[in-house]
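Below you'll find only one chain, the form predicted alone, shown as structure tokens.
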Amino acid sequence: METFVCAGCGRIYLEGAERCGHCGAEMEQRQASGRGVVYSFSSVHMGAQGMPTPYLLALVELEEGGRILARLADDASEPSIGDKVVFSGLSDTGPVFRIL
């Protein structure tokens, strides 16, 4: 999993840019394991237009540090805080992780 980390504030992005959208510092490209744990989650019943609901949205704490908001795979059962997850790809709505 390729990530882009801000040299100034440490924010993590999945898409590259020259500068951080938050603080304006330069970005550094890093390879991440794609593994993490569920830090928090919510079941979304009224999502964005065109997105089938319900779906699970999780704040994933990456193994390398930092947190990323991602959807859990459609076949995921109800997660628990601390569940181990792995990156499974990018969808048109953003990153998707699956529970191990």
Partner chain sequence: MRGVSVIGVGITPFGVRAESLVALGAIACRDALEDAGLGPERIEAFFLGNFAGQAFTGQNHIAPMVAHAAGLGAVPCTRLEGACASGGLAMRQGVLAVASGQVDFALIAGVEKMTCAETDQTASILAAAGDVAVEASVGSTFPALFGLIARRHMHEHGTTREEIAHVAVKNHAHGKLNPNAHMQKDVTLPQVMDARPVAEPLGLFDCSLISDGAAAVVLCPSETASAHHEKPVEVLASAQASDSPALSDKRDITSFHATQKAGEEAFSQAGLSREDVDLAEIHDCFTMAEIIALEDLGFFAKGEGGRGAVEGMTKLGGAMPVNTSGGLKSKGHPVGATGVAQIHELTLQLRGEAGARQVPGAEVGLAHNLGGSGATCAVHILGATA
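Numbering follows the first chain given and starts at 1. This one's a predicted model, so the numbers in the text were calculated from it and none came from an experiment. Between two forms, the rigid core is the largest collection of C-alphas that superpose within 1.5 Å.
Just so you know, the form predicted in complex with the partner chain exists too; it's not on screen, but the next bit is about it.
**Student:** So in the predicted complex, does any heavy atom of residue 29 sit within 4.5 Å of the partner chain?
**Tutor:** Residue 29 lies outside the contact set for the partner chain.
**Student:** Using a 4.5 angstroms cut-off on non-hydrogen atoms, would residue 78 count as touching the partner chain in the predicted complex?
**Tutor:** Residue 78: yes, in contact with the partner chain in the predicted complex.
**Student:** In the predicted complex, does residue 84 have a heavy atom within 4.5 Å of the partner chain?
**Tutor:** Close contact is absent here: in the predicted complex, residue 84 is far from the partner chain, nothing within 4.5 Å, heavy atoms only.
**Student:** Could you confirm whether residue 42 comes within 4.5 Å of the partner chain in the predicted complex, counting heavy atoms only?
**Tutor:** Residue 42: yes, in contact with the partner chain in the predicted complex.
**Student:** Does any residue in 30 to 60 get within 4.5 Å of the partner chain in the predicted complex, counting heavy atoms only, and if so which ones?
**Tutor:** Contacts from 30 to 60: 39, 40, 41, 42, 43, 44, 45, 46, 47, 48, 49, 50, 51, 55, 57, 58, 59.
**Student:** Superposed on the rigid core, does the Cα of residue 50 end up 2 angstroms or more away between this form and the one not shown?
**Tutor:** Comparing forms between this form and the one not shown, the residue 50 CA shifts at least 2 Å.
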